[in-house]
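Encoded as structure tokens, the following chain is the form predicted on its own, with no partner shown.
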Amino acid sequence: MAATTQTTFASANNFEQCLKCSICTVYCPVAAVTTAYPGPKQAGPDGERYRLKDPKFYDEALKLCLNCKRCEVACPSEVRIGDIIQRARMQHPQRPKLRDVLLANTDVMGTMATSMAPVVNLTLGMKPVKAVMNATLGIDKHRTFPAYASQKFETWYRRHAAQTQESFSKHVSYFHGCYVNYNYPQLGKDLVTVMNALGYGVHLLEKEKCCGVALMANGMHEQAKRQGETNMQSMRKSINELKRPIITTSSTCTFTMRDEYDHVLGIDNRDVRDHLSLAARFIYQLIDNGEVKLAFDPNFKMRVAYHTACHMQRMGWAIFSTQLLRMIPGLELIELESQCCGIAGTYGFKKENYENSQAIGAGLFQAIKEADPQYVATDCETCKWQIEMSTGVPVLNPISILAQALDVEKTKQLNQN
């Protein structure tokens, strides 16, 4: 049965199209910093040939893959190398460590942490606590945890925004994700501000679960699939019954739900995929089509360096964020060379990966310091954590920058029907 399932997904993930050119290994950020990882060609298509002959074949080096998808961007034959590696790891599930369970169950941990956020934030920042987690859980003592908010975004939305959203003539549903809900509600508030100014009401999905990317990375694929099915059901209702497209503010959540649900988890999302978009892309397309207009604060000034997150690179969507930022008159934009920051979600929190994580991101950190921006902009929340910890430069989502730059009242007037 396992061999049949593996064959089915191997065929779907087109490993036989590999030309053995090794360009994927050249672009692999992990292979560049450690010889312990043989590179995506060997771990992916080459290894798949062995795994098809013997389903028990497994290489521990597969755990070193970041799932950054840069191998897939580089591949001239469009082989889904990262998906092949993900599927191979699924075929050999291992009992997750307590650390992995804690890091991956973002909804559970976030709900508990926000209820006592000041205490949790203080505790997680203490050196003795970090030392204990390093020794007992394997969470590296050098890693800085993102702060938790005292109030969830969902709570704020119900109390302060939900009542007014039906008054708009056009509507979207917002998949906010764990980061906005538990760590940084301000991004969700900024999105509501911008979309309302453009004449759109913003609604939450009937039921939202973590997209599952952390669960997949930590071997909890069945739970990830259950949560993914819940998300798809809610999105179908939004699209088919309520006629609302879905927008997000996380490149990783977007990529996971658009691409990995189907290719990796086997969730049929074909009826949802094209209705799910990153907010920056959605807004840019509205502007480009002449459907909405923007008015900006003439006093706004900001020097920003834009970092293309790995999954933004894979989707090819960085152009939407950078072009949106270029529309802001008072913004000086520096486009950084696309490089992996090294954190890859929970990957960089683990003691055994921390050194590689920081080595992978070193080039990006240096480029940011040389650019000397006031802020870094990126569409990925975990990139934000890594960059802020490693450079000290604050990081904002392009939507938050747009919210700061807009003259909200004038924009509302321009977009009144």
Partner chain sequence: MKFDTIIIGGGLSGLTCGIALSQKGQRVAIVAGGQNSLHFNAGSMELLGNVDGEEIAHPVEAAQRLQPNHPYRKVGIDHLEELAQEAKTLLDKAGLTMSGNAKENHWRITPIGVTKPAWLTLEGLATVASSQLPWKAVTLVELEGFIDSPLQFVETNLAAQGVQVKVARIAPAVLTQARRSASEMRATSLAKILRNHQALASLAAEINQVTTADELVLMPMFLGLDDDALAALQAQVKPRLAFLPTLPPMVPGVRIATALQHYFKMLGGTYLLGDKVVDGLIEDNTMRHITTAKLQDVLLKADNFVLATGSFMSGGVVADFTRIYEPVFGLDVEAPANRADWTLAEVMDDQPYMSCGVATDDTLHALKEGKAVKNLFAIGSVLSGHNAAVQGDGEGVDMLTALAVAHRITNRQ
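As the structure is a computational prediction, the values presented were derived from the model and not from experiment. Positions refer to the first chain, counted from 1.
This next part talks about the form predicted together with the partner chain, which is not shown.
With the partner left out here, the partner chain still marks one of 91-99, 69-77, 222-230, 109-117 in the model of the complex; by a 4.5 Å heavy atom cut-off that stretch is 69-77. No residue of the trio L396, S400 and L402 has any heavy atom within 4.5 Å of the partner chain in the model of the complex. The single contact residue among Y375, Y58, Y27, Y354, judged by any heavy atom lying within 4.5 Å of the partner chain in the model of the complex, is Y27. A single residue from the set T123, S150, Q285, T164 has any heavy atom within 4.5 angstroms of the partner chain in the model of the complex; that residue is Q285.
Though the partner is left out of this view, M315 does reach within 4.5 Å of the partner chain in the model of the complex, counting heavy atoms only. Proximity of R281 to the partner chain in the model of the complex: non-hydrogen atoms within 4.5 Å are present.
Taking the partner from the other structure, the partner chain in the model of the complex has no heavy atom within 4.5 Å of any heavy atom of Q358. In the model of the complex, no heavy atom of E291 sits within 4.5 Å of the partner chain.
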